[in-house]
Every structure is written in C-alpha cells, then in structure tokens.
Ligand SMILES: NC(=O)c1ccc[n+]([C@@H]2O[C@H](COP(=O)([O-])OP(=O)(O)OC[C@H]3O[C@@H](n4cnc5c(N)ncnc54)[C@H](O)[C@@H]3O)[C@@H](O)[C@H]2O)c1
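Presented below, as structure tokens, is a lone chain in the form predicted alone.
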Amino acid sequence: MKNGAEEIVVIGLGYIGLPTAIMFANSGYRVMGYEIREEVVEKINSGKAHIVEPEIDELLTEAIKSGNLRATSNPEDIAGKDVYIICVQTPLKEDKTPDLSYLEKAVKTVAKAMKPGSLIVIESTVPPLTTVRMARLIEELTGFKAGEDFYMVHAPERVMPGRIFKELVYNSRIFGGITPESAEKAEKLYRAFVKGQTFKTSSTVSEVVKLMENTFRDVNIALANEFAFLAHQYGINVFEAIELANTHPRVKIHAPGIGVGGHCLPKDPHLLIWPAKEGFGLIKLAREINDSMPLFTKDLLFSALKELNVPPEDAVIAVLGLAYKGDSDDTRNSPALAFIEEVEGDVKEVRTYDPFVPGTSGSVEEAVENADAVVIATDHSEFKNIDWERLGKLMRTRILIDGRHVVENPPRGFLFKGVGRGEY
C-alpha cells in the first residue's frame, strides 16, 4: 500500500487518462483503467497505445508487464477501490454550452462502485461549481457525506500533447478540494510521481484557475490574429513585427494562424462564463475572432485562385495537416477540419495528408499531384523540410497558402500567401 491508497481506478483512457494511469502504475500502484470502448481496452491490455505520444508505448508496456495496469469495460471490476480519477471529455454542444453528460455518467458509475473513504478526483476541465455539484450528486445516490464518508477534488490536467509524460512529472499541480482534507489526500497521492510545485485550494478556485489559464492564451491568440489582419492591410510580415515587439521585457505576443484547436482553448472560455449571470464581451469576442480564422484562410486561398484565373469549382486543393498541433494525431476541434468544411463545397476536390492521422493520402506527393493549391494547416516538423521546387513540378498550378508560418521564405515559382504575411 502506498500513501494509504492501494488501488486506483482511472475512468476514461484518452489523451489524459491513459498517461495518468501509466504514471500511477509505474509508481507502484495497482491501477484499473475503465473505458467503455472495447477496442481501446483490448489494445491497451495487449500493450499497445491507441494515441500518439512520445514514450507512451514503452511506458505502457512496462506498466502492463508489471501487472500494475489493466484496462476493463466491466463496471464490476472497479468496485470497492480506494481512488477514482475521472478523465472524461466535457465537450461543447452546438449552442456552445457545456455537455456534462459524460462526466455525470462517470460520477454515477463511481457512486455505484465506491466504498466509504474513497477519494474521487476530477481531472476533466469543468465549469465553475461543477465539483461541488458532483459531490452533491454522489451524496444523493449513496447517502454518504462529502468530506466525511468520501473525499472529492478537482485536480486539472495541465499538460501539452507531445510533452505529456514530462509535464505530468515536472509541471505544477493544483488540488482543489471540497474540504481541506480532500485536497491534502489528493496532493499526497500525486506526489508519487509529481516533482513540480503543488498547491491546495478549494474546488471552485481550482476550476476557475484552469479555465483562466486557457482563456488567457485564447484572448492573446485573438490579439495576435488581429495583428495579422492589420499586417495584411499595411503590407508587412506580422511575424517579424511580433519577434521585434517581443524583445520588450514586458511583452509576449502569441502567434497567429489558421485557428485555435484542441480540447481546451476552443472550449474553456465558454465553460468559464457559462454559469455567470452577466455576459463578458472580451472573452466572447476573442472566441469569435479565433473561430473566424479558417474562413480568413479560405479568403486567402480564393484570392490566390482568382489571381491565377483558376475557377474555384475546378480547383483541386491539397491540405497538409489535420491535427490541431504539430507532430500530434489529435484532431479535436482542429481548425484544419473547419477549413476543409468551409471550402469543400466550393472546390472540385479536397485532398488531405497528415503523417500522424490515418485515412489521409499515403504521401505528400500523392496529395499534391495535379493540385492547384497547397494549404498548410498544421505545423508538423515534416512540413518544414519540404522541397517545394520538387513538389511544384507535380502540381497543376503553384499556389501555396501557409496557415501556420511553416514556410519562412516563399518558394520561387509559387503564388504564396500566408496568415499574417501581408508583405507586398
């Protein structure tokens, strides 16, 4: 037994749940991963990860071989455990309000399985006051008293795909308990592998902190995108301007681009203001600006097609990258997908290539052959080393639209346009 907790259940084995389960298992805990997708359960138990992340295959193999980690879809397998860590999605509905159905289902599953004294940790990003609401739900379902018969904490994940395992260890963590003792129990548990600073607070403060962090980034990206709009009017390269502005000791401007994706930034500002009684203009406006960037990129593409007299209805477009960030397979809320949705009804064909995402063209050459335009939608490392002179020979029309500032110097022979690259 470690730190008074012998067995841990991690509910939801996605981009956060699986790495978290692996870390606890490789720290000596007995971990049961609960996942409703049977194919994911089978793959994990065979020692193979269903997500792309550096080090994950080796660390998963270690956890499985040690006997400390097993995945299941059977609720009976998770009964009577010491700790339940919930890592399920909390997406937005079409009207931009939070869909907490996955979380509520997970909490109800925990309520049936838990025992007196269990610690319940919500890592999912949630609107303010949600953890308190979930604690009350458990009280209603079990008759247990929160803070006495069970302990509940919001401990938000703070990691970036591509760096998850490093950041799980070295990033600071916040433990927001419904009671101080709840926060203390969670902090002690996570110290099994967390080497970064730890902070204890209330669950609602923890929820707000997580949402503030990503809202800060979203608002600053929106500002950078507005700077990009201005760069096109003034005929300058916004990236040069940003680099120079950032030499000021108190300035750190973010990078503009085709849009904001992932499971956090497009969602968290909406979660932050959803329970509030009053509306907030800046946060909403930033979301609108960032959501508009795929359409702005479409405008750049169609402007280039017009310049070279290529009718859009006859155009073949090759989109490089579907993931929302470089060197990842994560397509959640990807602006690349939003861009494709914007253009595919107006052009003859849209082809895609992403070295990390299955179901796309087998090679970049296959994607661009006889195409009229290439649109870079993800900053994969592979795209930074493309021989554009060679690829250009395969294309019917040489148009290059850079949505991620991957191409430093526009290649010869191409009509080049990039987000924020307004130089005339």
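If you're wondering where the values come from, they're calculated on a predicted model, not measured in any experiment. Counting begins at 1, following the sequence as shown.
This protein has a second form, the form predicted together with the ligand, left out of what is shown; the following refers to that one.
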query: Every residue of Gly12, Glu157 and Lys267 near the ligand in the predicted bound form, heavy atom within 4.5 Å; finding: yes
query: Residue (of Ala231, Ala186, Cys87, Ala71) lying close to the ligand in the predicted bound form, criterion heavy atoms within 4.5 Å; finding: Cys87
query: Contacting member of Lys105, Lys112, Lys348, Arg163, with respect to the ligand in the predicted bound form [4.5 Å, heavy atom]; finding: Lys105
query: The ligand contact in the predicted bound form: Asp379, any heavy atom under 4.5 Å; finding: no
query: The ligand contact in the predicted bound form: Leu400, any heavy atom under 4.5 Å; finding: no
query: 4.5 Å heavy atom contact, Arg217 to the ligand in the predicted bound form; finding: no
query: Partner contact for Asn225 in the predicted bound form: the ligand, 4.5 angstroms, heavy atom; finding: no
query: Which of 194 to 202, 294 to 302, 87 to 95, 167 to 175 sits within 4.5 Å of the ligand in the predicted bound form, heavy atom basis; finding: 87 to 95
query: Any residue of 326 to 352 that, in the predicted bound form, places a heavy atom within 4.5 Å of the ligand; finding: Arg332
